[in-house]
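Single chain ahead, by itself, as structure tokens, in the form predicted alone.
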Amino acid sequence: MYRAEGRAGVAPYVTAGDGGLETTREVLLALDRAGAACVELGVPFSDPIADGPILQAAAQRALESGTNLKGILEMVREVRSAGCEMPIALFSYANPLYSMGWENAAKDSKRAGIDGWLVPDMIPSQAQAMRAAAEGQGLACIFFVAPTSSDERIAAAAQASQGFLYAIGRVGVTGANTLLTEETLDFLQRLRKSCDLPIGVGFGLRSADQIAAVTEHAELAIVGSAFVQRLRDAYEVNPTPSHVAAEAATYLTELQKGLRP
């Protein structure tokens, strides 16, 4: 589930509501125009167990501003009405979706223009109800694998995923620097041999050089904490939505320089 143009792409992560939903709306439109392969749109949550301090702080700011799932989906509807065509994957912990009911959450996501769900605290063996609701609405479910995942876990995640398989580039929480060690490269090569899906790699990417290295072995480079921090830095300089959106497009363009021709 990403916009393919015959080469690899960059997928930014954006915390919905950090700086306000109007800012998020303008950022999404700017990323669409700049050619993002897809966007992971983060639903802020009070207990984000897999997130590092940058994403935790962004989620807290968004929650304090009153951001909730209903408002996020309404904002996505506005973005789609404005002509945004890039795939948008909702990145949410299970609780906000489960609280709505899987069926209702899937229907509302589809109506809004969401293309898929990434739910980091759900594994395939526990996600039957979630998958059934999502797939019933044509939403892709995307699961995660890590260097510590067994071959059986990788096979299960690949079989349950649609669009792409999310490969965590290292062990730990988000935000730490990802180095393409021999272990990481071996992991990606192992995935390539056992998975027919496109592979997206995330956790710690922040530079065009890293994008170039990752996309030698994967179709999608996912930039999370660095992207959220770049937007926050722009907001603190000038909190207008247009300024933050322009910085989002600039950073994406910088990262895209690492993509192979």
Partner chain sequence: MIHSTFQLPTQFGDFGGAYAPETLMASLLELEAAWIESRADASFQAELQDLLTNYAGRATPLYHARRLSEELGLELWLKREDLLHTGAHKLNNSLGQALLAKRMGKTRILAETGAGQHGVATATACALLDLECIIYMGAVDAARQRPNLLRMELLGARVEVVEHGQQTLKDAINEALRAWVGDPQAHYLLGSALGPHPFPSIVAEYQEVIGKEARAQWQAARSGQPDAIIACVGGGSNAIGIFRGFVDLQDVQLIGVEAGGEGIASGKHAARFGGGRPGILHGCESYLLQDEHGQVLPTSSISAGLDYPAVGPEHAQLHCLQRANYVSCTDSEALAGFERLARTEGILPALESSHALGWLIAKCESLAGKRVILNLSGRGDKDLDTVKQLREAQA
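Numbering follows the first chain given and starts at 1. What you see is a predicted model, and the numbers here were worked out from it, not measured in a lab.
The same protein also has a form predicted in complex with the partner chain, omitted here; what follows describes it.
Contact annotation: the partner chain lies within 4.5 Å of heavy atoms from the stretch 144-152 in the predicted bound form, the single such stretch among 131-139, 82-90, 144-152, 106-114. Residue contact check for Asp121: one or more of its heavy atoms lie within 4.5 Å of the partner chain in the predicted bound form. Proximity of Tyr235 to the partner chain in the predicted bound form: non-hydrogen atoms within 4.5 Å are absent; the residue sits far from the partner. Among heavy atoms of Asn68, some come within 4.5 Å of the partner chain in the predicted bound form. For the chain shown alone, Glu26 is not a contact residue for the partner chain in the predicted bound form, no non-hydrogen atom being within 4.5 angstroms. Scanning Gln189, Gln159, Ser99, Thr181 against the partner chain in the predicted bound form with a 4.5 Å heavy atom cut-off leaves one residue, Ser99. This chain is drawn without the partner chain; in the predicted bound form, the residue among Asp196, Asp47, Glu216, Asp209 with a heavy atom within 4.5 Å of it is Asp47.
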